[in-house]
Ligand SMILES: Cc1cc2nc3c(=O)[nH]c(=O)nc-3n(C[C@H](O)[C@H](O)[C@H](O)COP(=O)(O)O)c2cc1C
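Here's a solo chain for you in structure tokens, the form predicted on its own.
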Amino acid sequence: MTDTALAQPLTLPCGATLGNRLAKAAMTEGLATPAGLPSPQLERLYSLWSDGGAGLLLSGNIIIDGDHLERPGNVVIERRPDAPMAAALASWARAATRRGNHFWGQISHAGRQTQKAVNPRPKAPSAVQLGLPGGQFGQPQAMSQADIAQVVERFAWCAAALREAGFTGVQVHAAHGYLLSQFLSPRSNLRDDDYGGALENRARLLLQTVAAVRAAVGTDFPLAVKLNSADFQKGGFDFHDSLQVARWLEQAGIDLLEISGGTYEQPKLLGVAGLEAEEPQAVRASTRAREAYFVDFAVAMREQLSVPLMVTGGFRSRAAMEQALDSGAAVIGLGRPMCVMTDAPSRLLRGAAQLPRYEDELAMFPPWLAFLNRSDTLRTLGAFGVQYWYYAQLDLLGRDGRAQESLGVFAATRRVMRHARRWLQQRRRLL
């Protein structure tokens, strides 16, 4: 193993220790059974990642409400687990920790970012429809206070179930435009009760959720939060809001704060442009290596926070990762490279200087059809088509144990969409 800051252990406020500073970031897998149980395919995928050398693996979205899936194929824990679910969760946890690494479950609710095929009238903070072309998302309905209370309860149930099953931590997903993020944003939260208006009200659901999860798992169990540095939309959740919420989360006793950004409408997390101009944020560019999306926000937060920070999004070079650690980040998250190169952390720890950027070679439309990108709908389809290529790689890893770099974007998109249709049909028959 080469001499690198990436290899250093990290002790969290709760007392748990990560073996190194590299994490497999949360990526939606779509490999659960139609009943929402972890599958053998998920176990195979996470076994590969456990062998890959990261100190921490984060699961993709584990959904607390089966009517509000992030995508077909999510693991769903919406009540206290029965025996089959408990056994499947325990088997998944064993596979994902077999090399002694941590495995944390990312707990989430999609809110208005639930596809219409799953739920045409999803619940959300307010009845503000997602501003994307194509009609994939329905008109949401505003949540009642009873709905909100149930969300808090289900987050806590899910966290307790994961600890019981052998997961070594949990992450509350409050980024990327999902439900908790929707409450934080003044664009999607138009409420005039205790959960809307001033930032302290918009953050109330997140802070209540964190408190309930902490009560459910205890003080010695890692509790992380994923938070947008900004939504990058005019009139949305901005960096000043994010910094204040981060202070409140630190006071609430979280163990790790992951800094990300963007929503479906402004998919900064995918490294692509949204349908509206990106709203600039009052954060200075302080890094020399500009490959990572959110390092500058972590640097600015580090000046005012003591909670360990994780940064994910865009990292490919070991130099940039080491620089981010030197600038104040505590953990580096790797996403897309691990959809193909499952041992990317081990390679970096052994001295690899660079990871591949597969998306540079991917395009929904060949150059001679580039004019199609003038259409908002087709440009959005192209961005998500590249994302579907990565989804297809996870499916291949889970089913066959091997990625397929030669797979085309169109073929990958067809594969993912066909699987989603079949999964939903089977789920409807079960329910």
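Counting begins at 1, following the sequence as shown. Because the structure is a prediction, the values reported are computed rather than measured.
Keep in mind that the form predicted in complex with this ligand is not shown, yet the notes after this line are about it.
Within 4.5 angstroms, counting heavy atoms, which one of the listed stretches 180 to 188, 332 to 340, 212 to 220, 195 to 203 is next to this ligand in the predicted bound form? Stretch 332 to 340 is the one.
I'd like to know if Gly55 sits close to this ligand in the predicted bound form, meaning any non-hydrogen atom pair within 4.5 angstroms. No.
Is Arg154 a contact residue for this ligand in the predicted bound form, using a 4.5 Å heavy atom cut-off? Looking in the predicted bound form, residue contacts with this ligand do not include Arg154, since no heavy atom lies within 4.5 Å.
Would you classify Ala25 as touching this ligand in the predicted bound form, given a 4.5 Å non-hydrogen atom cut-off? Heavy-atom contact with this ligand at 4.5 Å: present for Ala25.
Residue-level contact is defined here as any heavy atom of the residue lying within 4.5 Å of this ligand in the predicted bound form; does Gln233 satisfy this criterion? No, no contact at 4.5 Å.
Which of Pro72, Pro81, Pro308, Gly314 has a heavy atom within 4.5 Å of this ligand in the predicted bound form? Only one listed residue qualifies here, and that residue is Gly314.
Please pick, from Tyr358, Tyr293, Phe239, Phe137, the one residue with any non-hydrogen atom lying within 4.5 angstroms of this ligand in the predicted bound form. The residue in contact is Tyr293.
Gln115, Phe384 and Arg415: each with a heavy atom within 4.5 Å of this ligand in the predicted bound form? No, none of Gln115, Phe384 and Arg415 comes within 4.5 Å of this ligand in the predicted bound form.
Going through 43 to 65, which residues have a heavy atom within 4.5 Å of this ligand in the predicted bound form? Please give them in sequence order. Residues within 4.5 Å: Gly60, Asn61.
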